[in-house]
Each structure stands twice: as structure tokens, then as C-alpha cells.
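Single chain ahead, written as C-alpha cells, the form predicted on its own.
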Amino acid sequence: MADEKGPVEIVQTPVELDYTYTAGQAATRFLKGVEQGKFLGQRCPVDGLVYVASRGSSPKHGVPTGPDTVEVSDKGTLISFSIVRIPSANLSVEPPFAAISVLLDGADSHLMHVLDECPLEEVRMGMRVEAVWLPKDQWTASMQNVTHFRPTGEPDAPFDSYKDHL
């Protein structure tokens, strides 16, 4: 028999998940690099692609990337973005802001981060950006060392230079 009050339209259920993250060898290598102000990737032995931050294997070929690291630039190309306008308790940045995918120079995979020092209406694919680091005495083995990315002022990268990374 149907409930005469009608269907339930919304149920609010607070959820909290506490967990411990173990970085593993590849992520530890990456984070140790960030602690020194460097972005380190690993090269696929099959096709030579450089993955930043590597998970220790090639996602394309499923083979280990090996222990060698490749340092890439802290400058790159903004290849995708989303303007975030809705606040959330788990955000460390106040909306509105641009959440971006950055293809660092020398890398074949992208990083997600935040763009700042740029009006939202000027954010665009192909924009050249650079990492903004905390003062060196505050660095730890954390991506929080990079507070945000900002435009470099360089000309935009041509679409053909990043289209295969979308």
C-alpha cells in the first residue's frame, strides 16, 4: 500500500570517512621530489611516455615504469578546466575558482590543481601556466607546497600541442 503522504524527496545523511593513505614507492618518489621543489615523473619502457605523478606502472601498457625518475618543468599548458561556484566543506579554496588540468612541460599526463591570479572569464584551454610554491622553508612532502598555478604571460600553446592529452 502506498504511503499517503507522498514520496520522500530528500534525505540528508552526514557521512564521514577517516582513512590512512600509504603513498607507496612511486608516489613517495613524487612527493619527495615536491619536497625539493621538483616535479618528478617516470618513463614507460614501452613507448617512453612520462607520467607525473606516476603510480609505478604505465596505465597504457600495464608494465612497471622502473625506478628511474624524469624531472619535468613546473610550467605547463592548461588543457582543461572547470569553474567551481558551489561551496563545499571539503574545499580549501573559496568559490568561485578554476579547477584545472595542467600538462607540465616534459610530461605526458596531467595534474589537477587550482588556477589563481587570473580573472575567471580569461581562463582558457592552451593558457601557459606556472606553479606558485610556498616559501622554501615551509616545504614538506606534500602537493600543498604548490599553492596554485598562475598564467605565465606567454602566448597560448597551439591546440595541436596538447589535443592528444585531453
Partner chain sequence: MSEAQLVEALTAPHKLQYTYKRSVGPVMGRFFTALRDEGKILGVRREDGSVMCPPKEYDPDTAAAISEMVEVGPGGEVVSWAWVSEPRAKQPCDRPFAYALIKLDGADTPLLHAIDCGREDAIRTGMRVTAKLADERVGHITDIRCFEPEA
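Keep in mind that this is a model prediction, so the values were computed, not measured. Numbering follows the first chain given and starts at 1.
This protein has a second form, the form predicted in complex with the partner chain, left out of what is shown; the following refers to that one.
Novice: If you check K32, R124, K60, R55 against the partner chain in the predicted complex, which one has a heavy atom within 4.5 Å?
Specialist: Among K32, R124, K60, R55, a heavy atom within 4.5 Å of the partner chain in the predicted complex occurs only for K32.
Novice: With a 4.5 Å heavy atom cut-off, would you call Q25 a contact of the partner chain in the predicted complex?
Specialist: Q25: contacts the partner chain in the predicted complex.
Novice: Given that the partner is absent here, does V132 sit within 4.5 Å of the partner chain in the predicted complex, heavy atoms only?
Specialist: Looking in the predicted complex, residue contacts with the partner chain do not include V132, since no heavy atom lies within 4.5 Å.
Novice: Can you tell me if A99 lies within 4.5 angstroms of the partner chain in the predicted complex, counting non-hydrogen atoms only?
Specialist: Close contact is absent here: in the predicted complex, A99 is far from the partner chain, nothing within 4.5 Å, heavy atoms only.
Novice: Whether M112 contacts the partner chain in the predicted complex should be assessed with a 4.5 Å heavy atom distance threshold; does it?
Specialist: It does not: once the partner chain is placed as it appears in the predicted complex, M112 has no heavy atom within 4.5 Å of it.
Novice: If you apply a 4.5 angstroms heavy atom cut-off, which residues in 9-34 are near the partner chain in the predicted complex?
Specialist: Contacts from 9-34: E9, I10, V11, Q12, T13, P14, V15, E16, L17, D18, Y19, T20, Y21, T22, A23, G24, Q25, T28, R29, L31, K32.
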